[in-house]
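This document starts with two versions of one protein chain, written out as structure tokens and named structure 1 and structure 2.
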Structure 1
Amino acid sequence: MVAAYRGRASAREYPLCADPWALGLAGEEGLAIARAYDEVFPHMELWIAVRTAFLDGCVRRFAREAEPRQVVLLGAGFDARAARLSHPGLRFFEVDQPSSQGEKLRRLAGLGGYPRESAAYVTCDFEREDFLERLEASGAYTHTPTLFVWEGVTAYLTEGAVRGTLRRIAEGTHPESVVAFDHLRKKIVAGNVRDPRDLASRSFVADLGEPLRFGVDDPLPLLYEAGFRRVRTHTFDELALDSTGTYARERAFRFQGLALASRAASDLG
């Protein structure tokens, strides 16, 4: 579904993001789910486009640093940033559970011209394996500044899993490493909302097998407790205004946020 929205947004006359591989990865199944979700949350495509553009910008800024760098797509799903945003001296690692990654690689095999070598593919059972150990075993360096892109994941994890992942990044990687992730706020996760569209949105993703589990209103205390000392947060309304020059309350972006955090990076963009 997310790949379908990314592909649809890329095909607009004035696109906010550009992903030529997304529709091929989504397939008709993804497009059908996106069309069904449009009936529940008609602004989802804009949300995905804004999020994609923001995180793409983070990768581009990170790539401009002089020393060799790494980008880790944590819970990569059908992400295509390694193919889209390759840069000399920048290495990409895609970390995901074996079944999801296997399905992505199967779909990539049917996309002519996709540069599969643009990323190293790292399988990880997050319940039983340490993702940093799996990365090191696949050639990643913990002593190299790394950008962790954690997109569309935290809302579906337990609070303990979110805290543990953030703490592992803060304690186990180069101090100038950065984690960039999106999150939902507590009210929508708990279902403490009155708008029927919000309740329908929660039910829709739960029916897909991804019930909402974690929300945080202000991620700064969470990040501080995990060990980060530089934090920058954004709301989707802010980013949508930056991207489109418009604001509309009915878009219902009040529950979504994005955060960047590092122990020591001087510029979070």
Structure 2
Amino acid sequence: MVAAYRGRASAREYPLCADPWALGLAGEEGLAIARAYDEVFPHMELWIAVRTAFLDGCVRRFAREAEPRQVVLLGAGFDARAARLSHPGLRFFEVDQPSSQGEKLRRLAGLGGYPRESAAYVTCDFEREDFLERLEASGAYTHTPTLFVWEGVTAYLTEGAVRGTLRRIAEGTHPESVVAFDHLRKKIVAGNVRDPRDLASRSFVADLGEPLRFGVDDPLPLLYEAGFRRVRTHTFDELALDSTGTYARERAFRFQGLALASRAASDLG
């Protein structure tokens, strides 16, 4: 569904993001789910486009810094950043649970010309395994500044897995590493909302087999407790205003946020 929205957004006349692989990865099945979700939450395409564009900007800025550099896509799903944003001296890793990664690799094999070698593929279940141990076991990961992109994942994890993953990034990686992730707020995750459209949106995702489990209103205390000392937070209304020049209350972007954190990186963007 996410790839379908990213592909649709990329095909617009004035696109906010550009992913030539997304529609192929999504397939008709992904497009059909996105069309059904449009009925419940008609602003999802814009949310995904804004999120993709913002995180692409983080990767591009990070790539311009001194080498060697790494980007780790945590819960990579059908993200094609490794192919889209390849840069000399920048290594990409995709970490995902085995079922999602296996399905992605199967779909990539059917996409002519996709540079599969643009990333190293590492399997991990964030609830049960240590993703750093899994990365280190891959043989290619090194203790150098790394950008961890954790897009569209935290909402589906337990609080323990979110805290544990953040702590491992803060304590176990190079101090100039950065984590960039989006999150939902507590109310929508708990179902503590009055608008039936918000409840319908929450149920739609649960019915896809991915119930919402984790939300946080202000991630700064959580990030501080995990060991980060530099934090930037953004609302989706701010990001949408930056990239479209518009604000619309009915988009209901009040439930989403995005955060960047590092122990010591001088530039969080």
Ligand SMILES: C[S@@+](CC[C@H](N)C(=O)[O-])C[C@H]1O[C@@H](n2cnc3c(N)ncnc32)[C@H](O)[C@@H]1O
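Take the two forms, find the largest set of C-alpha atoms that superpose within 1.5 Å, and that set is the rigid core. Counting starts at 1 with the first residue of structure 1 and goes up one by one along its sequence. Predicted model, so just to flag it, every value in this text is computed and none were measured.
- Structure 1, rather than structure 2, originates from the form predicted alone.
- The rigid-core alignment places the CA of residue 129 2 Å or more apart between the two structures.
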